[in-house]
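Two forms, one protein chain; structure tokens for each follow separately as structure 1 and structure 2.
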Structure 1
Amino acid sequence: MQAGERKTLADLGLSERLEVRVECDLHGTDFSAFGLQGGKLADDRYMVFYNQPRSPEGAITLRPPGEFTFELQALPPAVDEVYLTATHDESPLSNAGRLNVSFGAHTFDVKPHLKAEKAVMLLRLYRHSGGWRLAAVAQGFNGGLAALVGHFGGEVAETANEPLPAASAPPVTSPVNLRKERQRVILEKAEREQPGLVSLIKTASISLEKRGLSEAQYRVKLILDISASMQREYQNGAVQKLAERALALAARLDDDGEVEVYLFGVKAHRKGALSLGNVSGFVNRMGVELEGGTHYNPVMTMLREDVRREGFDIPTLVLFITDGGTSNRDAVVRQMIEASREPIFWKFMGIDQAAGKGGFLGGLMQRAAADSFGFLEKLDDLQGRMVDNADFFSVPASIDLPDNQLFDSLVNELDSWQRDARRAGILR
């Protein structure tokens, strides 16, 4: 059977008396059956596990470690579904070499569906249209048995005699778990210190989810153009708004939730880390002195040095904000080709100063913009790279597109780069 599949017992060639065998080679894995009423564990005698291997009337029995016998016709009518589960106190079940469930002539291989779950629902037997059905589930909770029991109604967790792994449990070793925890801490911190950012963080996480990147981890770095033509964007707060959005993205992607900020005009400058603690007024405090030129090359070199020093174990997402084309284009092209071997994805956002401008001057500006952005588009499609490590999009100078569109654009292609980079061995 495949995950998600739902069938009547008759379609599976099974009767209401059925045997299910769970096999798992991860030491310390426990198997249990939960008989629920209206989705809740209303009666804890219907939690069948090694300490209570039999429901009161014997409709569910367990022969440890993992052989269950069901006499579904003997279950009280109020019990309308039974979940068969696997849990582990310490380790994600994905550490098992195999976890499969067999019944009748069928086998359900659960292992390929596991990520960081320490508790997983394997099968669901449930009443539907006057009969019993079976669903292959393979979904669960990183929080283990406590989270699973919470899902089944929660009250039991308070009253059960069986101690649940709680604060006393040893620290989890899975990086994904720690990361979830870290994200939660960052969100709570935002709720306390920057409530205005909370909805931005949530919007950012939706864009990431859409790309299948909800569990992705990146260092986020922001590169800001300080060429003279950017003056208005610094004065009217547009750059500050962009910085806040970069931070919201980092709250989901970045382990420390901070964004390293770089400035470039003619020269390149490191401006430290943007964080929840210092985001208010960050751009004003930088004391930007605009420069009379646009050179991508020095800041790219500086950033690549920093990334190399920090290590290639975690990929880097660079948000490169510019309103014009660079000098020394050949050097930039070489950089991009070289950098395609590094776990860095370059997202170029072009601020189109000419958009919507008419007249002779507007025409000139539009021609200049077409040239600059043509170069950025060329970077996007540049040949000779190991993988496509860049994406370009442009926005009109007011930068007032809706946040969900901005986040969608900022993470566009990140998923395909991640896949290609992993395949090419650039990313672990």
Structure 2
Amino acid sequence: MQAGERKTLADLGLSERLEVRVECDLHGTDFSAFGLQGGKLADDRYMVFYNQPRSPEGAITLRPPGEFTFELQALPPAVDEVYLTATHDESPLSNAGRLNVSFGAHTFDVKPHLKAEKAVMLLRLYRHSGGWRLAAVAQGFNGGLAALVGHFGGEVAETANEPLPAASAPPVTSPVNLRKERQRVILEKAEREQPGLVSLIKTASISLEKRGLSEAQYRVKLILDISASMQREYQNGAVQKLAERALALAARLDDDGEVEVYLFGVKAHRKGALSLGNVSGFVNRMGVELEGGTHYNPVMTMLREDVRREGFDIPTLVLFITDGGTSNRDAVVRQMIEASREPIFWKFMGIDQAAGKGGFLGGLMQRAAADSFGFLEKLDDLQGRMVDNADFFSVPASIDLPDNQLFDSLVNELDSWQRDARRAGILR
């Protein structure tokens, strides 16, 4: 079959007892089936995946990794379509060497139709004129599972969808909260692959809950200073620890559980996504080459361009880590004023290299830090913005702040910005 093609099961020589096999060589790909009512997942028992491999009456079953059996005649009448999907936590599915769906004597090659999608609808089974049809879909979403769920009903965590009629199906459970389900899956993955991050994720959760942000959803971006004065922080592992804490925060805020990483010195650099699968040794693998300057403006421009391409449907939290001031401060001020109309909150963390140092050199470093951090404080209190879109705090160069204090500082004022941004129409 080809993408977009639709046929009755009879035309394909298939019965309403249908065996479907998905083959994909990209490790970590998950396969799911969604039984929908009017385009919405009204009952979480009809989301069949590796943690729930069977619908209530057994009409949909999964034998991991990707063998599905559909007993379509056994589905309650209110389930009028079923989507077979593939998702990946970290990588676009186009990175797979193959992604094929086989049913009967037919095969659908999905890979040629993919670009940057991390969630893809493979097949659609749907009722039509008293029978069932099959459609080859090959459409997806760069945003992963969250965007997929939005397609299946819009409101991921809040909507109270209508349950399946009592006469058609067993009594239903409470409406599905796929965002919480996704967070649970991320936490389980951390327990399997990065157990050292589990306590960090739970500590980050507490800081968010204290701010009333337990249901908040943000893309998380990490911007790291690579000026020469940061050499010790890269060598002693302090930057790696910061990256791990940024990832722990993203595990609660971002449905993909990933952090896009940027570097800046004189120039700006994209370094890809930090995830549970690659966090160990991530900073060392970046191969950082320190640069002889500190320029905020290029990396801020790069990040804002990326956010525009991704879309403003989900706000962005930027963790901006630096130990110094910037050249061309007027350009940075303009950036912050312009960005105040965008759903981006900038968290500036200053690393104080002068902390605890005495003598003449220490005095020079303290004066430099005061000047640099004075500018960051200015950005925090900048006039002329639509809303206050930034916060600043500093830490000693050792960056050995207790985790709970660090997370509290990283989410400080995020709640007030969210409230003001909604009032101003920046957030929906």
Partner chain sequence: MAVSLSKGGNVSLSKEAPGLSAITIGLGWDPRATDGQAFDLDGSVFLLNASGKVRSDSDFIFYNNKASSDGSVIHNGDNTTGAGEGDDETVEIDLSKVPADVDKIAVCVTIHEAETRSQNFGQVSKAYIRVLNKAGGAEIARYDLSEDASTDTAMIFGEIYRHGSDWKFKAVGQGYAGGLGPMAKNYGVNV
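Everything numeric in this text was worked out from a predicted model, so none of it was measured. All residue numbers here refer to structure 1's sequence, counted from 1. Only the largest set of C-alpha atoms that superpose within 1.5 Å between the two forms is called the rigid core.
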**Report entry** Structure, 1 versus 2, that is the form predicted on its own
**Finding:** 2
Query raised in the report: For residue 77, is the CA shift between structures 1 and 2 at least 2 Å following rigid-core superposition?
Result: yes
Query raised in the report: Quick one: core overlaid, is residue 419 moving 2 Å or more at the Cα between structures 1 and 2?
Result: no
Report task. Spell out whether the Cα of residue 397 moves at least 2 Å between structures 1 and 2 when the two forms are superposed on their rigid core. Result -> no
Report summary line: Superposed on the core, the Cα displacement of residue 130 between structures 1 and 2 in Å comes to 60.6
